[in-house]
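Included below are structure tokens for two forms of one protein chain, each presented in isolation as structure 1 and structure 2.
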Structure 1
Amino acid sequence: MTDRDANEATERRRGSGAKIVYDVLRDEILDLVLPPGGPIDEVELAERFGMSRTPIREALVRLAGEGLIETLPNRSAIVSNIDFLNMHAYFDALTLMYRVTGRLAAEHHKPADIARIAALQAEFERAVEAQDALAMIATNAAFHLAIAEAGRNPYFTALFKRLLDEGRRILRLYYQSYDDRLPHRFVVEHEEMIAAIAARDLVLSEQLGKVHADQIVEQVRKLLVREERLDLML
């Protein structure tokens, strides 16, 4: 083996190691096993995974790029906090993207787009039946991004992807509110979206996107604001 071959083999192993660390930490962050604001220690991670700190750092850089890890000025890192104070602005943007991407998909889709969207919907339905929250999050995002891509506007697609990425932990809380037993009506809502888009019904596609977003927003609001009030005899 030449020096070049040896170096390439080393790079492949390191890249594989970084991906393993990335996949595990990403799932733990999304599943809230690693809580928002929790510390990330490179040394502990290197010991845990039995790797050098180089692939650990590469994985953390990738997670930081997705907004899941935050690097502090002293070079330590924490799991990114969920910005509950600006949740209203996030939901406004998310709702707008559900509406506009559905409308554009109805206008500009091609037959292959519908086939892809339907295939992703089938994956989402299987995840719902299996009560696999992480699979639900991943397939739901893929489903909605496929709709955005069918709309043929890369700017909206990029913005929607960013919003879906930032909202993955919120979606995890949302699924937890149902004990990961997502009501079948959410599967039906996806199917109704596909039918409206395939029929090129622009108004209905936008309408269904708004309804879909509104019920997510309402459920998350219920999680964040307790309905009960303390009632004491004074």
Structure 2
Amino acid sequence: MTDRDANEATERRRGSGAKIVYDVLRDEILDLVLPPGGPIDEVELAERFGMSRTPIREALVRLAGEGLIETLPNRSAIVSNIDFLNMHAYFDALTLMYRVTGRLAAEHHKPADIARIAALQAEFERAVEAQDALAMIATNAAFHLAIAEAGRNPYFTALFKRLLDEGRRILRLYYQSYDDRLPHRFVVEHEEMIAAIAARDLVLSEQLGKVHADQIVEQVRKLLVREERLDLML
């Protein structure tokens, strides 16, 4: 255990405790630092962050609300497992949200949105060139979330955010086992999406969203098949 967190936490603003814990744990769950199914000990976290169990528990309740952890009554909470059985439901939802957010962004975006989206795309491009897997995952999610926000529909944005979060865990597996060279195709598709949105072409934006989604789904499917084969070989 690192006591870095505890040291930094010696002096902080009142009310920020739970948020800090929430943010850190959320990232650690999504980056697979905390393994799915792994137990979550409240006192351990309290010691690590240098605060009492109260703000820890608040953070855990919020994480449970988003489905990132599961709490059994009177028993230790665990990091949510990745549900490989209902994966088709995830893909369906993800594909539809790519389409919808693409269309709505083309319809409702303002100039500042395009600038922001383009900036995040540039970041993503740099991450791809540097072959920094974690940065790729993070900036890719930020890029698509920016498109969703340009669509100005908080209900779709919230669902999409949840799906992209869950996707971060799956992609983490992907980039761990693959060879980190594929995604240049994603860069090109991103550029096309930006152009279609900026041109306010609703139909094309939605279509590109679907193409992009199918692309990702296909990659992950390949990964899953490969993993299954590895399992069989053990």
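Note that the structure is a prediction, hence the values are computed from the model and not measured. Residue indices: 1-based, along structure 1. C-alpha atoms forming the largest set that superposes within 1.5 Å between two forms make up the rigid core.
Here the chain appears twice, and structure 1 is the form predicted on its own. Once both forms are fitted on their core, the CA shift for residue 201 between structure 1 and structure 2 remains under 2 Å. Relative to the superposed rigid core, the position of the CA of residue 23 differs between structure 1 and structure 2 by 2 Å or more.
Shown in the overlay between structure 1 and structure 2, fitted on the rigid core, is a CA shift at residue 168 smaller than 2 Å. Taking the core as reference, the C-alpha deviation of residue 55 between structure 1 and structure 2 is 9.1 Å. Relative to the superposed core, residue 37 has its Cα moved 3.5 Å between structure 1 and structure 2.
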